[in-house]
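Just the one chain here, laid out as structure tokens, in the form predicted on its own.
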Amino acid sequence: MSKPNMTAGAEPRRAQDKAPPAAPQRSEGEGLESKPLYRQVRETLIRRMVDGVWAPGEPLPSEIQLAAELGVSQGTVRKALDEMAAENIVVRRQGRGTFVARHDEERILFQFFKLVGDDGERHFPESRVLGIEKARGTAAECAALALPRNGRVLRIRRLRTFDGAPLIIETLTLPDQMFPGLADAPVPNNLYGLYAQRYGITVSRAREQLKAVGADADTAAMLQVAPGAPVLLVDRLAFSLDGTPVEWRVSSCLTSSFHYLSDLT
């Protein structure tokens, strides 16, 4: 039986250095070493997003169109899209179709920003950039971002506030080569939106580590608390659609009137 063509479709919007993804095997009887067909479809659709075929906010072709193009059943496409929707990679809109998710403030509030007011309200804090620098990465930065030793990084230091009161002081480290020109223009509050719109890099997931610590002198001064005051240290590594680490963010957060909320399903 012939293989379905998993790489056909619209031309990417920018030149690509990578070869197109290989066509998946059609057989539904997967062995232990092969992936289910819907997972292969999912990977093909994600690769097209990474390659710029569909930008954030744009609609995907219908399930019927994708199934015909990829040579699989509509049910297989639907299962792939359902998983992508559960991962917040795409958004299903009743009667309108399936769209590539975009990093608007509402999505960030529910997927990536976990601090919630003790009154139960979700708030998107404002940001003030304190400094931006390009430098050789430390050993820890290069390891986190999968960079070679002494790879170039971009560091952003910013203070985040709510109703004018300090809430978070954080340092973000990015691979410099991924974000050319970022340091030369105003840095918006919504950085994930900037990554997607200007650089075609969509943050699809993040891994966080939490720890309760006492504020050091610098952190305490920025957050206007006494040295040693309790803060929540959030260490987050963000990944793009293809699993590349694109941002390492370390945040010190006040929790006197906020708490960290994580929904487990």
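Being a predicted model, the structure only gives us computed values, none of them experimental. In case it trips you up, residue 1 is the first one in the sequence shown, and so on.
We do not show the form predicted together with another copy of the chain, though everything after this point is about it.
With the partner left out here, another copy of the chain still marks one of 40-48, 54-62, 218-226, 204-212 in the model of the complex; by a 4.5 Å heavy atom cut-off that stretch is 204-212. Although the partner is absent here, residue 70 is not a contact residue: none of its heavy atoms lies within 4.5 angstroms of another copy of the chain in the model of the complex.
Under a 4.5 angstroms non-hydrogen atom cutoff, another copy of the chain in the model of the complex lacks residue 177 among its neighbouring residues. Although the partner is absent here, residue 244 sits far enough away that none of its heavy atoms falls within 4.5 Å of another copy of the chain in the model of the complex. Not displayed here, another copy of the chain is kept clear of residue 196 by more than 4.5 Å at the level of heavy atoms in the model of the complex. Only one of 133, 83, 126, 118 comes within 4.5 Å of another copy of the chain in the model of the complex through a heavy atom, and that residue is 118.
Residues are counted as partner-facing when one of their heavy atoms sits within 4.5 Å of another copy of the chain in the model of the complex; in 231-245 these are 231, 232, 236, in sequence order.
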